[in-house]
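Coming up is one lone chain in structure tokens, specifically the form predicted alone.
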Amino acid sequence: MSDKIILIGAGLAGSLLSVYLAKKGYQVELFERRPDMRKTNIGAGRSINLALSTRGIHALKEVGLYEEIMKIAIPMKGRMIHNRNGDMQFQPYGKNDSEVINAVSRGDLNMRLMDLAEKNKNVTIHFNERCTGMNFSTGEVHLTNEVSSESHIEKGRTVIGTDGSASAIRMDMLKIGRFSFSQSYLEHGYKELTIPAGDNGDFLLEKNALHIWPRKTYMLIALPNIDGSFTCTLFYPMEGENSFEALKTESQLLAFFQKEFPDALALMPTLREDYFTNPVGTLITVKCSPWYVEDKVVLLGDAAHAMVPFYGQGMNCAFEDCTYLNGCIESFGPNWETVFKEYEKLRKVNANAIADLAVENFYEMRDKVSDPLFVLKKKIEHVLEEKFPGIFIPKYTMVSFMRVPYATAMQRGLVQDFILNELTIGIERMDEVDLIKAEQLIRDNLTPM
């Protein structure tokens, strides 16, 4: 049997995984539906800038790509909250400057990963190749060239579906029975907008922050790019009185931004063009099971577990999938069915957890970040983290700055939310916090990690 492994999809996860596999000596062929984005402008407007953090960084370091990728990343130390009156409030992510998340352009990162993957003689990327299905009995993948319309069949030792939330491989898995699948959409969509760089390439907002304009039922965010610009994303209901459906004219758009985001509007000379040119994207959560069929195929990344972007973990989770799959290959390879079974056992519960946390964080970012009680709880979190190191660890820290399993972070986060709720009953200021009560609650409910 050939040592060739077929990957369907040369996005972020597929490109990274190809390097892991090539380093193990496998011949890797990636088949990508889109043209080569390094040579063809495939269009913008559906991108939410990525937030690279500890889990993704760990994977990049394992394959030797970290230094190169960090050249196109900008560290963000926290959230900058923008109120309607122009006031700003900075909320740090972690307890020090080492606990940052890194803003990176999805397109730039994907192109850089493809460049680095192709430096391995074992990796070949085929573009304009659309997967139309798979025969799970034979392991054959059916492909059609988008340029010539010619169809062909490929077969390797095994197949890995890294083809995103609309995975063609997963669609065929639905047909074979005993396959659980769910997808759910937020009532909100998103639209990409831009704050350009200043005249000298200057950043017109604080460079090292994720900017948020929270407005209860909707919000605007902005992440920095290395050219001095910010990629902005408006998250807004799809339908209803205040929605993309209702915001149809230039005058409506300008009135809306003048009322809700006046300081952003002043920095957005291309707002009209961006808004009426760029499409409205949807926000989807995908869960499914099982992730594999015998030793023939396995799903990875968004193909197995798409999530909304509000914890900044979609890419990080997919990269961590690569780490875990690589570890399973080391332990059980070349018994691919066992590899796939163990990989899913390790990852599915955690993928489900971060998908749920991402939806939860949407409502936190949209509704709570400017609320005085939320701000007070965040301050208490940092104090308790300092006083009880290794015991009280904020959920955001566990998710973004550690490699604690997502499911563990979720469960401990619920316990810590209970503690914070108890400590903030009837108080409004930090100096009113009962630290003796805090210690007792922590001792009774948490164990060291």
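For every residue, the number given is its place in the sequence shown, counted from 1. Since this is a predicted model, take the numbers as computed values, not measurements.
What follows is about the form predicted together with a further copy of the same chain, which we do not show.
J.: Quick one: from 185, 90, 374, 276, grab the residue that has a heavy atom within 4.5 Å of a further copy of the same chain in the model of the complex.
T.: If I apply the 4.5 Å criterion carefully, the residue I get is 185.
J.: Please identify the residue among 132, 135, 282, 124 with any heavy atom within 4.5 Å of a further copy of the same chain in the model of the complex.
T.: Filtering the options by heavy-atom distance leaves 282.
J.: Is it true that 355, 362 and 446 each have at least one non-hydrogen atom within 4.5 Å of a further copy of the same chain in the model of the complex?
T.: Not a single residue of the candidate spot has a heavy atom within 4.5 Å of a further copy of the same chain in the model of the complex.
J.: Thinking of a further copy of the same chain in the model of the complex, which stretch from 156 to 164, 210 to 218, 231 to 239, 95 to 103 has heavy atoms inside 4.5 Å of it?
T.: Within 4.5 Å of the partner lies stretch 231 to 239.
J.: Is there a heavy atom of residue 346 no more than 4.5 Å from a heavy atom of a further copy of the same chain in the model of the complex?
T.: Contact check for residue 346: no, nothing within 4.5 Å of a further copy of the same chain in the model of the complex.
J.: If you check in the model of the complex, is residue 171 within 4.5 Å of a further copy of the same chain, heavy atoms only?
T.: The answer is yes: residue 171 has a heavy atom within 4.5 Å of a further copy of the same chain.
J.: Would you check, heavy atoms only and a 4.5 Å threshold, whether residue 249 touches a further copy of the same chain in the model of the complex?
T.: Contact check for residue 249: no, nothing within 4.5 Å of a further copy of the same chain in the model of the complex.
J.: Answer for residue 178 alone: is it within 4.5 Å of a further copy of the same chain in the model of the complex, judged on heavy atom distances?
T.: Residue-level check for residue 178: yes, a contact with a further copy of the same chain.
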